[in-house]
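Presented below, as structure tokens, is a lone chain in the form predicted alone.
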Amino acid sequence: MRRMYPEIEPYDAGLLDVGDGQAIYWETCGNPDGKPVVFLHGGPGGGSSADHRRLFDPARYRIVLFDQRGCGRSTPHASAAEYDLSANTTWHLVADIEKLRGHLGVDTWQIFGGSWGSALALAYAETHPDRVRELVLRGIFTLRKAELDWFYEGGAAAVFPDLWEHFLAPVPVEQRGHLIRAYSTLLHDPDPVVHAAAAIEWSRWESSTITLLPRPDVIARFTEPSYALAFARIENHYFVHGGWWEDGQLIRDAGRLADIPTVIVQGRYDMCTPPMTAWALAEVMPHAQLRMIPDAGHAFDEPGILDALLEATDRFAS
């Protein structure tokens, strides 16, 4: 098993005004003259972390991380009662990536995205294919109804019935016919007791199931109250709206990316974003290399997945 590259600190960082009263936090690490790569974090609403810098050779890459609207170190934060989610959509984020690219003076760059980040990477690449040098995609998620139903409407409960009981707990019995919609109501309830409890259970469900084996450190990070509220509100908002694209659109239009070298890394036992979506994407991108990791779940730092990701970024560095 390979280890991530050593810890590094940014050599530049800032807040970029992207309009709508929003400013996104960005940072650059590694070699200022290296190959540009932008890391697209998951969620949506998950934020970037110091470990994400370590997926790239700092001697060869100019590594760009940013926190998407409403989360991480971007402002305002979606945990605030007055936060306006209407200005936080996929297409706002695609425009933000382009604005950041221009701000940093990057012509073309590698796009690296995992989980929700894979969806955002596809949306960006399908909109701006001339700006993308390579794609590294992990734990493929495209917000199709079948994907959302699997994880948020009861499919994965067949594997995790004990954890599912906790996810159901905040939802009144009569509202359990559509759990994503029911959670939307709870997460925006003006009573802090109601929306805080819902946010923690939403976030606990995901953080308890994204790793092959339970990781208390991951669950603790996801269920910190401020993080959980922003994460749950943003995710739920995107899911209620189906990503603001037609069901299946990202996979349907991926064929237009045939000139972009692509690696797809997928855990066989990924319960959050099961392999059906990675397989469907690979079928319309026959030029892509699909790495199905036989003994891994969803998280990027699981053995096998991490090896494949580092192998891809090392290969593309040259």
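The structure presented is a predicted model; accordingly, all values stated were derived computationally and were not measured. Heads up: residue numbers just count along the shown sequence, starting at 1.
This next part talks about the form predicted in complex with a small molecule, which is not shown.
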property	result
Location of the small molecule contact in the predicted bound form, chosen stretch of 190-198, 72-80, 177-185, 206-214 [non-hydrogen atom, 4.5 Å]	206-214
In the predicted bound form, the one of F167, F239, W245, W109 near the small molecule [non-hydrogen atom within 4.5 angstroms]	F239
Option touching the small molecule, based on a heavy atom within 4.5 Å in the predicted bound form, out of P261, G43, P275, G34	G43
Non-hydrogen atom contact W116 with the small molecule in the predicted bound form at 4.5 angstroms	yes
Residue contact check: F231 to the small molecule in the predicted bound form, 4.5 Å heavy atom	yes
Contact flag, Y152 vs the small molecule in the predicted bound form, heavy atom cut 4.5 Å	yes
Non-hydrogen atom within 4.5 angstroms of the small molecule in the predicted bound form for each of F141, E235 and H298	yes
